[in-house]
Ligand SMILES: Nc1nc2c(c(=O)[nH]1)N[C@H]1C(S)=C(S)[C@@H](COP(=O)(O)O)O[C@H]1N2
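Read the single chain below, which is given as structure tokens and is the form predicted on its own.
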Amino acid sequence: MNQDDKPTDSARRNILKGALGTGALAAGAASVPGFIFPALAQGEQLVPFTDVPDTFNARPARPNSTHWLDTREITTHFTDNDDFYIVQHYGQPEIDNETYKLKVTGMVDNELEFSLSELMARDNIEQQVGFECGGNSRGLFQGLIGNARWRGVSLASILEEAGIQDGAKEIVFFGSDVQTETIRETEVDKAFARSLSIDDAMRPENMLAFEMNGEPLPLYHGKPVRALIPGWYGVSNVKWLNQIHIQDTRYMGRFMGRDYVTLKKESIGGIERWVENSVTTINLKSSIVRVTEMGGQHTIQGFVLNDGTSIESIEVKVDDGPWERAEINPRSTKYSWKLFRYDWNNATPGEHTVVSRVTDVDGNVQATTEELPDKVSRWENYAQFPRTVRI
């Protein structure tokens, strides 16, 4: 593990070692930062995907708009703050760092309030975490994605200090972003919010982040403080966080009960039913994002994301050939994206289909589109993603 990737607080180091370990394929950070996805070498060139339309492009981040990566142009392990994907729902509120307050309320022994400086003065932790939007998909060539180094404070330590009372069931995270909605002909002001169960909230890796890639948290990423829930889809990482509330009932706000809800067909006690579930942990997923050529040698590159379960293998298949093992970047950690490469030897002229799949240590294999459950919502798109290229 590089010094830059270590938790800075020695008191929490052992906890975070357990939180960050990734198994044999990605046991820690390596000392070779350009191991995978370097900038193109002299004479190296991108091989165009033929499944990407000529009109596809990733626009610079703009206020109140969605921003995605052009995944063909990933060249670093950590995504630049200006390139990390952005999705917001109720605007992007400007919050004064000097007057900022975070409240901890509800079923606690001690209600708490912190200024930004008080949060920053607590024991800090740092870890690398990558995630994607719950709606990331092949339509944007998996561009709603990013990986960064985050610094902040332990969520569990704050909840322990507050003292969660018996009977509490959920932790609700409220953002400062508020919008007026019309619900049953009534206008109401609603803040963006998401909730976690007590057990999920107390995971030692959960953070309240105030720094991203060595810089104060940028406005579009939740300045000055956001929740960071490693292994979960981006919607859980509430930005512009201003209140943490503990309650004994299920939270049923828009982004838990009505939106970011996957509707899919499941067998319930032997009866086939359509079931709704809130988008939570990241499904096992890989995608090829780049093919390069230099001196007649071709390389296939891509990423893996999941809920933090250790990875057993990443494989690539060309056309109807066999599955072949790819090599994973040793800089990867438990909750980062895992960048991989496969040396495609003896590529022949013509159009080819390339696809990747990932298997975790529990034997779960990334599903094909045909193997996914029937669903009618746009969330949780984790099927194998065949790409086409012309050599």
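Because the structure is predicted, anything quoted here is derived from the model rather than measured. Start at 1 and count along the sequence shown; that's the residue number.
The protein also exists as the form predicted together with the ligand; that form is not presented, and the subsequent description refers to it.
For the options I86, L102, V172, I95, the residue carrying a heavy atom within 4.5 angstroms of the ligand in the predicted complex is I86.
With the partner omitted from this view, the residue of R290, R226, H245, R151 that lies near the ligand in the predicted complex is R226 [heavy atom within 4.5 Å]. When contacts are judged by a 4.5 Å heavy atom cut-off, G308 does not count as touching the ligand in the predicted complex.
Contact check for F303: every heavy atom lies farther than 4.5 Å from the ligand in the predicted complex.
At least one heavy atom of Y90 is located within 4.5 Å of the ligand in the predicted complex. Contact check for E126: no non-hydrogen atom falls within 4.5 Å of the ligand in the predicted complex. Each of D177, V238 and Y260 is positioned with at least one heavy atom within 4.5 Å of the ligand in the predicted complex. Of the candidate stretches 213-221, 161-169, 117-125, 315-323, only 213-221 has residues with heavy atoms within 4.5 Å of the ligand in the predicted complex.
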